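One chain follows as structure tokens, the form predicted alone.
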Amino acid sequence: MQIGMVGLGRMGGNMRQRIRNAGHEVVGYDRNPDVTDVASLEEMVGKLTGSPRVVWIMLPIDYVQATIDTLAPMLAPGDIIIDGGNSKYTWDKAHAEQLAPKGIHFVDVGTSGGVWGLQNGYALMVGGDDADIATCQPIFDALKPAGEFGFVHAGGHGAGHFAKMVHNGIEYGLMQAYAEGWELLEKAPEVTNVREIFRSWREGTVIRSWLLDLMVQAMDADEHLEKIEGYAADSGEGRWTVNAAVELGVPVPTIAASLFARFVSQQDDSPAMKMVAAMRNQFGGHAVKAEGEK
């Protein structure tokens, strides 16, 4: 299969390589001349010879609408645009409706895997019509982890990004619980080897997880996280999750509390937020503030 990929940053660049590793052709465009395959979106679309043509957008939310507006006149009826970034689910139906009069199809994909996706594969939560998902399935199969799990057709337009939004809200809560436990152990005078306690929990316990593995990895690099400021940004999806819960009347106290804890960290240095920041950096390649850095 052949696909166009717009956005070749930390996620998009690795996704391009994983798709190529599976034997498919990727024509990638990025404003960074060091990583792009072509000089423009026009050149990228011109190199796509299959029918239908498929273009995957992997960009920050601020650039998605403008990119769709630019791509739409270049594409033909039957072609498919995929938004695989962290867009808000409410946008997806609007994008599908915008493209429908031109005969262009739209698919939303919540994508999880961070900087480890090239090696481990990406969890894909997909929204859109059955026929469009079937057309794109070879690309989804190339990106997903090996094995039975890691891909779901979650529903219609918006379902993929809604599922990813809730995934990130759960991630907030899990990270906060781990971080609070770490802070408590660090402060207990009876405990002298916090790092090895967490390492021991990686096997045989009900709280073992990849996040736990990443915590240990972070402590191996900086045992007491002395080089990290207790500041954790919120990507926006935590806020969207809490807002959706309010709209739907669903109680999400743990996710809401973890979101508010991040707000607190953005005001004052927080010991627990050192661990949240360290975990985010391990799986997402996010910039980590050094102690004292503004």
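Take the two forms, superpose them, and find the largest set of C-alpha atoms that agree within 1.5 Å; that set is the rigid core. One-based numbering along the sequence shown. All values derive from a computational prediction rather than experimental measurement.
Separately, the form predicted in complex with another copy of the chain exists; it is not shown, and the next lines address it.
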Seminar exercise, completed: Contact with another copy of the chain in the predicted complex, heavy atom within 4.5 Å, among 211, 142, 133, 96 goes to 211
Exercise. Quick one: is residue 65 in contact with another copy of the chain in the predicted complex, heavy atoms, 4.5 Å cut-off?
Worked result: no
Exercise. With a 4.5 Å heavy atom cut-off, would you call residue 262 a contact of another copy of the chain in the predicted complex?
Worked result: yes
Exercise. With the partner left out of view, is residue 228 within 4.5 angstroms of another copy of the chain in the predicted complex by any non-hydrogen atom?
Worked result: yes
Exercise. Using 4.5 Å between non-hydrogen atoms, is residue 270 touching another copy of the chain in the predicted complex?
Worked result: yes
Problem set entry | Partner-facing stretch of 69 to 77, 134 to 142, 184 to 192, 96 to 104, counted where any non-hydrogen atom is within 4.5 angstroms of another copy of the chain in the predicted complex | 184 to 192
Exercise. Across 128 to 156, which residues bring a heavy atom to within 4.5 Å of another copy of the chain in the predicted complex?
Worked result: 145, 149, 150, 151, 152, 153, 154, 155, 156
Exercise. When you overlay the rigid core, is the Cα of residue 11 off by 2 Å or more between this form and the one not shown?
Worked result: no
